[in-house]
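Here's a solo chain for you in structure tokens, the form predicted on its own.
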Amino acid sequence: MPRLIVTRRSKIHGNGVFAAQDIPAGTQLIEYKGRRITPKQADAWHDEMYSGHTFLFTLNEDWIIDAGTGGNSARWINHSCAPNCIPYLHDHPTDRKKDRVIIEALRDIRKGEELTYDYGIAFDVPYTARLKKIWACRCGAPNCTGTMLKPPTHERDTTA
């Protein structure tokens, strides 16, 4: 069976993941894999907020996937303000540690196109110019916001 995706250098940032063939919308592309850690462990082991780089993916309030250990090529999928993929959480019926994240094509993707999704990064601190610079977006989309940061949880409008 032909490969759907390949990893190589990216114009957005570092490594990236690219379509090895045309991919229809709705195709499940890859599971985001890595060691399961607690939020407390993530805070102790990673200075994510000020690194500008993360392989951490929040599964739920109890578990985070750390793709820096045991991760696969899904960790190289870059952020974009106009993503062509979306991560979906698949809940395990009895064990939250076994929840999974599957990256799926949001729209049809052409062979050679880089796969991207919106990281949705949010911290519950004021967003200073320094923090916005650390988390600068380089996606190049016409609607690029210039940052990977989303409004902090306490500032999001949940009434819509």
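Counting begins at 1, following the sequence as shown. Bear in mind the structure is a predicted one, so any value in this text is a computation, not a measurement.
The same protein has a further form, the form predicted in complex with a small molecule, not shown here; the description that follows concerns it.
Although the partner is absent from this view, His13 contacts the small molecule in the predicted bound form, with a non-hydrogen atom inside 4.5 angstroms.
At a distance threshold of 4.5 angstroms between non-hydrogen atoms, Ile23 is out of contact with the small molecule in the predicted bound form. In the predicted bound form, the small molecule sits beyond 4.5 Å of every heavy atom of Ala19.
The small molecule in the predicted bound form is not approached by Trp63, whose heavy atoms all lie more than 4.5 angstroms from it. Taken together, the three residues Ile5, Ile102 and Ala105 all stay farther than 4.5 Å from the small molecule in the predicted bound form, as judged by their closest heavy atom. Heavy atoms within 4.5 Å of the small molecule in the predicted bound form are found in one stretch of 130 to 138, 91 to 99, 105 to 113, 23 to 31, which is 130 to 138.
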